[in-house]
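Next up: just one chain, as C-alpha cells, the form predicted alone.
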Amino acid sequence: MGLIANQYHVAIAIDGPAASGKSTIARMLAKKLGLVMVNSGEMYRAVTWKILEAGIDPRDVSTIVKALGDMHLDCGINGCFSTIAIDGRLLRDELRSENVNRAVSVVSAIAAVRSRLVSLQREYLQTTSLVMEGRDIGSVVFPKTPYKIYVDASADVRAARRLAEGVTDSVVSRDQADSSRETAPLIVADGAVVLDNSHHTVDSAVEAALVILRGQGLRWSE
C-alpha cells in the first residue's frame, strides 16, 4: 500500500490519552501506508529524561527553560520511525523509566518546552509524509490537516494495559494533567473522528482507522 501521488506531504494526526492504543495504531498505519511514524511523546519524554538526569526539579520552570536553551535536540528518522537524541545521545529504553513516567506530564505542560518541540515536529513535514501521534497533533501541531483521529478507550481498559506493561502510574491522574494544562491541553481536535479502542484488536482498530481516513478523503493504492 502507499499514498496516491500528491505534490504535498501529508500529515495524519493521531491523538488520544495514555494507553489508548494510539501509538500502536499510528505505527501500523505508517507501515500499511508507507509513511514515517513520528512519536511526539518520545520528544517530551526525552526532554524530561534530560531534566531528571541533570538533577533538576521537574517543577522548577525557570531552571528547565534555561536548560532547554542549552540542549541540542536532534530529531531524525531511522527507517520508518522517528528518533530523538539529546546532546549526541540517542535515547530508547530510558524514555520508559518510572521516573520519566511520573514527571513527563509536568515537564510537557511548560509552554517553552511545547513551543520548542512543536517546531521540531512540524519540521518533519518538510521532508516526508507522516503519521504523528500525541496529544495535540490535530489541535496544535497540524491543525489544518484534514486527516485526524482521536483514539480513546475506557479508563479501566487503559489502566489494565498500563499494568500489563509494568507501568503503575494512574491514567486518571495523567488524563487530568494532560486535559487541564494551560498550554495545548488534550482535546478532541476540530474535525477529528473519535475511534473507541476499548475492545478492538490491533488489526480491527487499524482497519477502523483506515475507514475513518478514507472518509476524510485520504486515498492510497492497495
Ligand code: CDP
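In this text, residue numbers run from 1 along the sequence as written. Only a predicted model underlies this, so the values are computations on that prediction, with no experimental measurement involved.
What follows is about the form predicted in complex with the ligand, which we do not show.
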query	finding
The ligand contact at residue 45 in the predicted complex, heavy atom, 4.5 Å	yes
Residue 191: touches the ligand in the predicted complex, heavy atom cutoff 4.5 angstroms	no
Touches the ligand in the predicted complex: residue 9 (any heavy atom, 4.5 Å)	no
Contact flag, residue 148 vs the ligand in the predicted complex, heavy atom cut 4.5 Å	no
Single option in 57, 165, 53, 156 placed near the ligand in the predicted complex, where near means a heavy atom within 4.5 Å	165
Option from 106-114, 123-131, 70-78, 86-94 whose residues, in the predicted complex, bring a heavy atom within 4.5 Å of the ligand	106-114
Contacts with the ligand in the predicted complex, stretch 13-30 (heavy atom within 4.5 Å)	17, 18, 19, 20, 21, 22, 23, 24
